[in-house]
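Shown next as structure tokens: one chain only, the form predicted alone.
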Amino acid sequence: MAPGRPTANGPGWGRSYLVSPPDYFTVAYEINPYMHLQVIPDHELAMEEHQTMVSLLRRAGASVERLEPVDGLPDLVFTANAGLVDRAGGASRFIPSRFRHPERQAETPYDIAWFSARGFDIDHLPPEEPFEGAGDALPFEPEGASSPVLLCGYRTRSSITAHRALSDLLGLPVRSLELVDDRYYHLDLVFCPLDGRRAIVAPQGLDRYGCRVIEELVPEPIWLEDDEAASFSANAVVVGTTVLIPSCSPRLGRLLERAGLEVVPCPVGEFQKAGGGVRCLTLALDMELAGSRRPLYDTSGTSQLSSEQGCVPPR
């Protein structure tokens, strides 16, 4: 099997991550339902949680690179939102985010500078549409498929119009999922690919169409119950057969272990005060996304592929 493709032993990516230490992390503004200026994270505990997460990633077999923290940018720690990485075909491309909230827009020059310094080509999306990187875009490649489908969330932080631009840029089928509950404001709070057959899914954040898209694409979805979704169980990171998860109920743990996965608790409660979990704190540097580099989504919003493969907007 080709390297970088999903097997029963993982999603085919997620063995290299970018993190940014929480030196300046705090809650300095309110841009999601979890952030409250009256609830300030414990700085020492946040540092400890982040260091533990990095140690667990390395113990699971992942490499970890560092983006230097910046005073005045407390959410730079959530590197998943920096953008989207594509390493397909030996290329190195970075698509930076276009943050919806002004409070986070100053992060982008630092993200671009990090990737530019390492030889990545920088591909920009149209400036008028918000898009928040790997927080709202995760690939899933079913067993036997030749390329992944990119699942993308929209409404709260990203625009559905940005999905069309992503599809054109990457030559990759995109499926748009509307995030219907403000508590689940990014896709990575409701969807976590595990391997070529399974994904953790929080249906609480999706409409009926979105659940149907996942049912058609993922052979064995693991659906979260209300308390599991609310505790960020979908905001996990997978390294091979190891799942680093912020919170895991006994029921969910049994389901994951039955699927042959090792469950490793990775509490990040201080970061959850700002609305982020393990996936939010990491940006995968080894995703392989680019397909045929031809448009797969026409200007009318109707996919040029079949509904089994392409991006079908919700009705």
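Predicted model only: the values in this text are computed from it and were never measured. Start at 1 with the first residue shown and count on from there.
Just so it is clear, the following notes concern the form predicted in complex with arginine (ARG), a form of the same protein that is not shown.
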In the predicted bound form, the residue from R157, R164, R93, R98 that sits within 4.5 Å of arginine (ARG) by heavy atoms: R157
The unique member of V70, A60, M35, V54 whose heavy atoms fall within 4.5 Å of arginine (ARG) in the predicted bound form: M35
Proximity to arginine (ARG) in the predicted bound form (heavy atom, within 4.5 Å), stretch among 257 to 265, 42 to 50, 25 to 33, 243 to 251: 25 to 33
Candidate spot W13, P139 and G196, all three touching arginine (ARG) in the predicted bound form (heavy atom, 4.5 Å): no
Contact test in the predicted bound form: F78 vs arginine (ARG), heavy atoms, 4.5 Å: yes
Contact of R87 with arginine (ARG) in the predicted bound form (heavy atom, 4.5 Å): no
4.5 Å heavy atom contact, L283 to arginine (ARG) in the predicted bound form: no
Contact test in the predicted bound form: Y185 vs arginine (ARG), heavy atoms, 4.5 Å: yes
In the predicted bound form, residues of 88 to 108 near arginine (ARG) [heavy atom within 4.5 Å]: R104
